[in-house]
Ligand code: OOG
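Encoded as structure tokens, the following chain is the form predicted on its own, with no partner shown.
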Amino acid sequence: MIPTWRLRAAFARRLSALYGTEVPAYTTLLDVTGEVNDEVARRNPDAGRLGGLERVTAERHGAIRVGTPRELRQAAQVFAALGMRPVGFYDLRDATGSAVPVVSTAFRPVEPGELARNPFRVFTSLLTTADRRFFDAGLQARLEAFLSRRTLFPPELLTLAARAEREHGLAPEEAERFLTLAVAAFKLSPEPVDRAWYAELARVSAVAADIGGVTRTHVNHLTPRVLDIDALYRRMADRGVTMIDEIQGPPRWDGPDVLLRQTSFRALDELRRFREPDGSVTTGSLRVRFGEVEARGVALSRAGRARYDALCAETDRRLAEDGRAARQDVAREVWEAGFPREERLLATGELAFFTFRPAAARPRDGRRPPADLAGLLDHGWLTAHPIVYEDFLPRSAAGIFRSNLTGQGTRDAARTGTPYDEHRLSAILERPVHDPFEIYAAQQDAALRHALEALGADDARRALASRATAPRPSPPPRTEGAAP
């Protein structure tokens, strides 16, 4: 049997090779990413705290878009064969002023061991065809009829995917067939694009046209991970690659790296064949695919995310008062005044997630371990190790989408949007949508419990048990661009 994680790793490699042939600038991005990662690893012995160089080098996240609940369920089946579960709910419709009529989840491994083997992720967006802010009843009906006629995932692929999920792998010949079909499902289609239909959808939303104006899905971007995204941004520009205006996410500052920072090169003109209204086939171009890159930091707790959202809001407020200021400069000033500068404060303040280990040389003078986390860390009983943020930020994702759109599209603000949340998405998928905060919290609690057992710290273990059974804080109220 070829086990699940090897299927996932092979799929990620093959998809990367495919995308490199379709978008040559992606290969340049990989080259520069590798250069930067090697340089950072050489000069910084602590560079592997958020993942060793081997993992970071292999790490990718992809992005696809589908049009119907049925297509989303089928995509989920393909990813389940690779050990990837839906994690998180993202509503991009209100995360930007541009017309981005999609809701999303991310398919990824959820167990720490599986993430360490290969942390491949696919950010997957579903078109909200019933949302009256974007589509009137007539356009919705025609769009859904068009989508109902296409097949993204052939039956043989879905059969093999279900078997791989059920048996946790496939025999070698079946594995090869599955991988061939799975990669082909995300290849850019050579079929001509109906120019009039695509243009009609593009007037509403470039994203809607990319989903509902073509007969197949495709990879919109495939994202490597870099250890110094600011250096990569400068180096790509030096090579003549046009980057988007700024890096999305937290600013670069002297404190801990948290959550996710992202940037990309701008979408490039790609030759496509078009079917004209008179039936003839011509050659033109579309700009829908781009090269994203990311730098990952520590996963924040709900309280930490509330702090992050508040700092984003304060940055927006200051920028509104001074339109000439640079966002990165303003954000850095806001963060330096409002966010802890040390990982220890993130750990003891329960603002971020960590694993814990007994210190190699803990005190041996007969003292009993303290019953609080701050004391255990400060007095050398435990060491804290950051948990990597494995997920996404709606505001950042929408910012990248917006930066690569050919137009703003249209939105009827007087209308009410179709309600979506993680429960409705779970019903569509017929699978649970995992809460990322709960995944991180479970990992942290298990690590802390094992560390305290190794220390024989009974008082601390009782304190932990009390904390673990206490109700966890509710999610902060949603704000524009904030995570659900």
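Numbers follow the displayed sequence, beginning with 1. Just so you know, these numbers come straight off a predicted model, no measurement behind them.
Same protein, other form: the form predicted together with the ligand, not shown, and the subject of what follows.
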Pick from 79, 135, 389, 123: which has a non-hydrogen atom within 4.5 Å of the ligand in the predicted complex?
123
Contacting member of 381, 290, 339, 186, with respect to the ligand in the predicted complex [4.5 Å, heavy atom]
290
With the partner left out of view, is residue 60 within 4.5 angstroms of the ligand in the predicted complex by any non-hydrogen atom?
no
Can you tell me if residue 221 lies within 4.5 angstroms of the ligand in the predicted complex, counting non-hydrogen atoms only?
yes
How about residue 262: is it within 4.5 Å of the ligand in the predicted complex, going by heavy atoms?
yes
Please check if residue 299 has a heavy atom lying within 4.5 Å of any heavy atom of the ligand in the predicted complex.
no
Assert contact_stretch over 63-71, 434-442, 44-52, 417-425 against the ligand in the predicted complex, heavy atom within 4.5 Å, equals 63-71
